[in-house]
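Next up is one chain by itself, shown in structure tokens, the form predicted on its own.
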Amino acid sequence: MTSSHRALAGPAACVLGLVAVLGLVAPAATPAGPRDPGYTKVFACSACHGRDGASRSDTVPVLAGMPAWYLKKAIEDYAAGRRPAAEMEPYAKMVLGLGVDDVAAYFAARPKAPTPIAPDPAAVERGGTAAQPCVACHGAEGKGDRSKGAPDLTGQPPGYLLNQMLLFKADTRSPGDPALTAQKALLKAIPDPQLADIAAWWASRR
């Protein structure tokens, strides 16, 4: 997207993001409570993403129902600087110290809460066709493919999805990662307005 700061939470210093972009079918939801190993460890994330990961912002990704494997990788990449974000790196390191497996499992067990941000209907209509190149990795329904490291795109905020695609396009997200070379080349060939349509499409899917 445009900057590592807006990549996760716009002007707010957020804790976990993904992105961008996220994974497979989430485990069955379980009630959150003090006995959940992650319950007391997600304070570092809740200010931006919400206690249950149900982000209400257009620029902050939804963590609720995100597969633990994907969230854990995102945290580790932020902490190691592989996914550059000056605001995220210290929080990611905090999560590693608290227990990344517990935090990832906590959000994975929360009921998925699609973004409440309604994308532009005209953009959604255009995006159905524009998003076809995405299905090779993310699947026809956009639910992702763990074997390809591809996350579930559905129900994420359109602003967040667009920002992640712009970051990939500029090679400022996960720069130099050979696993993302083809994806970045694809995005570079797509005009920015069309990327906005793609973001609207996946945001509208459930």
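We number the residues from 1 along the sequence you see. Because the structure is a prediction, the values reported are computed rather than measured.
If you look for the form predicted together with ligand HEC, you will not find it shown, but the lines that follow are about it.
The candidate spot formed by T115, R126 and S204 lies out of contact with ligand HEC in the predicted complex, as no residue has a heavy atom within 4.5 Å of it. The closest non-hydrogen atom of R110 lies beyond 4.5 Å of ligand HEC in the predicted complex.
Although the partner is absent here, Q164 is a contact residue: one of its heavy atoms lies within 4.5 angstroms of ligand HEC in the predicted complex. Of the heavy atoms in E87, some are within 4.5 Å of ligand HEC in the predicted complex.
In the predicted complex, no heavy atom of C137 sits within 4.5 Å of ligand HEC.
Residues Q156, Y160, Q164 of 138-164 are found to place at least one heavy atom within 4.5 Å of ligand HEC in the predicted complex.
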